[in-house]
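Heads up, what comes next is one protein chain in two forms, each shown on its own as structure tokens, labelled structure 1 and structure 2.
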Structure 1
Amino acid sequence: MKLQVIRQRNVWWAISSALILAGIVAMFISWKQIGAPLRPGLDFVGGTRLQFELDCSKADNCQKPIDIAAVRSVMDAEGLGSSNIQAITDRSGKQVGITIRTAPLNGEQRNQLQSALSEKLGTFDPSKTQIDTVGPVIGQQLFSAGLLALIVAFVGIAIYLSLRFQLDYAIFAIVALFHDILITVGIFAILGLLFNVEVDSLFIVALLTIVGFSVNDTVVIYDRIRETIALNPERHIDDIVDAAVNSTLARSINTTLTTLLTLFSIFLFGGETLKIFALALIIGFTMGAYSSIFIASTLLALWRERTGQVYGPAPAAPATDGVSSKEV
């Protein structure tokens, strides 16, 4: 079965438009609610994050669910009422601890808070206690450095593709990259609104990785399009794009699936620290494979149709006896 990407391109574009629009709406709502398009993690806003888990080896210590209202009353009593509180669940869905993000705390304040919480909830397991503190200046520097890295990556890719192929190839590859990044960011905006999912510095690393993976697939398809145009300049650009996509489809699917298998393993078994990073890559890599096939190539075909470049340049006449055809 051959995939007819050109004939069904309106369907692919409609799917992408709907996903991007949903993400933009979620970012707008998020901005209204929390003052940022995504829910920023500790890396970006600064503060202290405390994670406490109950010691279930002690009798009756883990029988009751975490009482968030009791946690909130403790935070109010400590003068930290604006803190963000989330329950931690195990694989069975049972609540076993809490994560708190609050203003920067010193050592004495952290110990006092931990003691107050332990009195309300039960004994915490010291081996599972995590405390991270990041200053707001470091968070801003991380954010600025991440944005700069993304911009440099986009510019570098645009220059490379312009030299390697042509300017229109580069433009639509960049459009596909924006498509992947926008959808990934939009989905995280939705997750931030619905499930309080936060983004940290690893999220920026994930976006950079997505950019590299996505353009890799696009280059493979572009290479086949260019090669087919050179060999068969009389073929219509729509036919060439369809043929290029189908000839590279198995490679794209196999590469993406094997990569996703690894990422799903990290997501399921890599621990809380890597879970969000792996999820961002899963979404981005899937979108990258999709956009390489259905967005970059179909937009290139549309552009060539609109600019009268549906056929390739005619090949030069062969030279005879060492004399070029012009001279003859």
Structure 2
Amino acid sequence: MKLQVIRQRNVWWAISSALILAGIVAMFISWKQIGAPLRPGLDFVGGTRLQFELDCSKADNCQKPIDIAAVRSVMDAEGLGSSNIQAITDRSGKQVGITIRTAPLNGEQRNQLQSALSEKLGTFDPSKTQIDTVGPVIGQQLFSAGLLALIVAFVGIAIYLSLRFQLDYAIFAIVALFHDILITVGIFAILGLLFNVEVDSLFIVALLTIVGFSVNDTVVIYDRIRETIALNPERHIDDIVDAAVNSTLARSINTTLTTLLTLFSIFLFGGETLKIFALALIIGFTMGAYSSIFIASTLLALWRERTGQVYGPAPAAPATDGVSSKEV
């Protein structure tokens, strides 16, 4: 297989632009509907999520399905009518409990709600109870700390790359990063609109991991471009980029594949909490490999063409210099 990324670059740019545009449109619609570009989870807006499972060791406790209407009436009576209620099903498809998302509740309010629900539904098993209460202040903190971490990571990576490579390499690597993040966020905006998928602080973690991985991929191709330029300064940049992409292609595919294998494993077996996290990583890592091959490298070639650096530095600067010292 031989890719001609330079010749086909308009195609890849069109695909990327379309994906990014779709995401931005979804974020815009989302903004109009719920006041945020993505559907924010408990972590960011604050609130209480309660998960109760029935104690099935007690006789006749788990026989009937969960009566959502009864739960709803309890919630209304407690003045929590706007809460989100869902039944939990176990692996055999039987309904064994409920999750409820409400405004932040303090201990007393929670206690009262729990006993009211227990009265209607049956005895809950305390060892299967999950409670998450996040105050609005904490939510804000988690969000801004996450955002700050993202910016710091960007700056750190940009500085490292401009030291190890050159400024233009660093800039296009960052452009590719933005591309990956934007598409991942965009897809989650779409998922939020279609399937009510929410993002929490693990989503920010996923974005940062994507940043680390995506740039990792770009660096390998850049490394090859730099090496080839140093060895063959007389070759055209387009040619070099094509060759570098192709000679690292098997590696790009295989690395992404092994990582995706583990991610699918987390997605399938890892449980509810990690599902969305794994999904974000699957999207982001795929985009990361894609953008390294089709975006970061083609943009670098275009830039070098436009700025008259089509060929490497004249042979006067001995190739061995730049390479061996950097390579070891």
Partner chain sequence: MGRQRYLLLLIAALVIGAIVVILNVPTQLGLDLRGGSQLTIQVKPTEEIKEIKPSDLDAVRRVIEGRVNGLGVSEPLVLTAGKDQIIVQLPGVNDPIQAERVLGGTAQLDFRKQKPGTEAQLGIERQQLREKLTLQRELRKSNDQAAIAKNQAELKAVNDSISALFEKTELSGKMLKDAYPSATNVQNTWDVGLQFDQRGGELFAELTKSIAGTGRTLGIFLDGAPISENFAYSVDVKYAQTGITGGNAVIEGNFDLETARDLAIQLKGGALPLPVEVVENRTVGATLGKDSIQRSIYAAIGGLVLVLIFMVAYYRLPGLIADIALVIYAILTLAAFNLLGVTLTLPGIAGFILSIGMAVDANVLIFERTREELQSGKSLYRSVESGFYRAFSSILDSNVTTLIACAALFWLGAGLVKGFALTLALGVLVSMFTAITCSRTLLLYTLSFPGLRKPQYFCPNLEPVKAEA
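For residue numbers, the reference is structure 1: its sequence is counted from 1. So that the term is clear: the rigid core is the largest set of C-alpha atoms that superpose within 1.5 Å between two forms. Since this is a predicted model, take the numbers as computed values, not measurements.
So which is it, 1 or 2, that shows the form predicted in complex with the partner chain?
Answer to the question: structure 2 is the form predicted in complex with the partner chain, whereas structure 1 comes from elsewhere.
Rigid core fitted, is the C-alpha displacement of G35 between structure 1 and structure 2 2 Å or more?
No, the C-alpha moves less than 2 Å.
Taking 2 Å as the cut-off, check whether the CA of D125 shifts that much or more between structure 1 and structure 2 after a rigid core fit.
Result for D125: yes, a 2 Å-plus shift.
Verify the C-alpha shift of Q51 between structure 1 and structure 2: is it 2 Å or more after superposing the core?
Result for Q51: yes, a 2 Å-plus shift.
Superpose on the rigid core and then read off how far the CA of Q63 has moved between structure 1 and structure 2, in Å.
Reported C-alpha shift between structure 1 and structure 2: 9.3 Å at Q63.
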